[in-house]
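The same protein chain appears twice below, in two forms, each given on its own as structure tokens and labelled structure 1 and structure 2.
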Structure 1
Amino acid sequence: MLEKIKFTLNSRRGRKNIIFSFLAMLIAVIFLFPIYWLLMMSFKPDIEIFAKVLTYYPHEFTIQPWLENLQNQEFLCSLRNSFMIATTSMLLSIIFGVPAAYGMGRYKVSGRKIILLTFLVTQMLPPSLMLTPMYLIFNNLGLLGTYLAPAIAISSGAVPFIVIILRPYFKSIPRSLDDAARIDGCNLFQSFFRIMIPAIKTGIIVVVVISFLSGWNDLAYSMTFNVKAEMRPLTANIYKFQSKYGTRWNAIMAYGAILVIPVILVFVFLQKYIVGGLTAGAVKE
């Protein structure tokens, strides 16, 4: 074992690996520290949070802020709203984005470069720029105050992203697969669902995750188009912990922790698909 360690330290490649590993761990610690601090603050009483001596872990452990949130009907209602908006926007994005990416990737579409350039430009536009025209459109359609209005707004930004991500996947699939499916009796739709979709499973998982998280983290569209306060998601109701008597920081931290837990779980359980899918999409274009 000692000889192996000495060989690693003496070799140039071994030293580089050690340096890169140390840098990777340092970067991980820096990026994960806010999440650690969020969780620790959520388990501290307010007295310990405002104590003169800073503590890096809860000396007096409490789960009361978590229980207050989870037993609050307004919180549960906001949690349901977040799931409704995120799920609806994800479904709309997938329904329209995947077939559009298939068409752009497998067929010669006139004006393809202009369309793709337009899609890229839409990714640079801030949501605040789209609020007024969308508000007027949704008002005329009678969609204000529904889950559909923010979901459509979110998916309008997610669909171009899906096309940009999935188009290289569809382009990379050999034409012979299409021909083999047609010889076996598949029509266009059967070939799409039975051959193409399973062939780009990794890319589909990536766009599903990103579409869901776009809806889950949305604030601007939900605050603007959901005029009914009881239909607003978690991101829009965090201000309720501020009152004229002060701010309940441990309750806010518990609220924030519950808000980010689904995001963390998604990346933990699907990380190999997300990393592999993004890398594959980058090199096949």
Structure 2
Amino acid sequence: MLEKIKFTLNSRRGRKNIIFSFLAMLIAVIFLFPIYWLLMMSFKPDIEIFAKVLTYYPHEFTIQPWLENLQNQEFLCSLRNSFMIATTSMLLSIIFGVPAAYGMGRYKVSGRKIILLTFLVTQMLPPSLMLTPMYLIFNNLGLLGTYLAPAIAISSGAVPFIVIILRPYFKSIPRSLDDAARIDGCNLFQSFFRIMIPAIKTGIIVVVVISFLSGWNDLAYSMTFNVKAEMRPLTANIYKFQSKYGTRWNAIMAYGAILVIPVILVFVFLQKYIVGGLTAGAVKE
């Protein structure tokens, strides 16, 4: 072991490795400091928050701001709404997106190029453009104030996104695999569900997670289509809680931290897949 360290320190490559890794950690600390700040603020007691001198870590540690949120009925209700909206939009996105990615990836569908370009254009449509027409349409359909309204709107962007991300995955499956499945007596849908989907498991995980997060992170649609505050998710109620708590930054930060937890969890477990998925989607196809 000691020999190994000695070798590392002496070799030029080893030194470079250590210096670069140290620099990288420094960059990460500086860049991610705001997230540290979010967490630290959420563990400070009121007195410390209102003190004249800014503290860079909680001198007196408390979990009161977290408890305050988790015991608050309105907060729990918003949390449930966040889950409902994210799950509903995820289901819609997957149901329409995954088969479309398969159809466009494995078959010579005519107009494929046009459809793909159309799907890419949809990624440029901002929520703020879709809000007004969708609000009026949902109003006529009686969908305002339901989870379905924001879910439909969110999934409208997620379905094309799934096709763009997942199509290359489907294309990469060897042709012989579905031929074999069909010869073995699987019908069209059996081979899709039993052979194709399991074959691209990592791709499926990426799109499930990203489409859940896009619902979880949504603000514009949920806020506008759910006129009543009790139907709104955490993102949309941030503003309300902010004004309600006044300058109670610790409670607000705990609120934010709880909202970030799913994102962090996704990162810890799925980082490498997500990174691959995002790069695949942005530059090529």
Partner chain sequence: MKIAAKKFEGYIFALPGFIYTVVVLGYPLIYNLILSFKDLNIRNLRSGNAVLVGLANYKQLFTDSTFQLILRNTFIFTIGSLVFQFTIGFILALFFSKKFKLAGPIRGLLLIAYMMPIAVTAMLGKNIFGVSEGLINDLLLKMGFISEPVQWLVSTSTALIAVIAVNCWIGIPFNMLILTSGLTNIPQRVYDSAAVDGANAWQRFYHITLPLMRPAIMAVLMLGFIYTFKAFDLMFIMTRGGPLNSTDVLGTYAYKLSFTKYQFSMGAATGMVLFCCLLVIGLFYLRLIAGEED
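For numbering, take structure 1's sequence and count from 1. We call the rigid core the largest set of C-alpha positions that still match within 1.5 Å between the two forms. Bear in mind that the values here come from a model prediction, so they are computed numbers and not experimental data.
Structures 1 and 2, same chain in two forms; the form predicted on its own is found in structure 1. In a rigid-core overlay of the protein, I30 has its C-alpha displaced by at least 2 Å between structure 1 and structure 2. In the rigid-core superposition between structure 1 and structure 2, residue position I18 carries a C-alpha shift of 3.8 Å.
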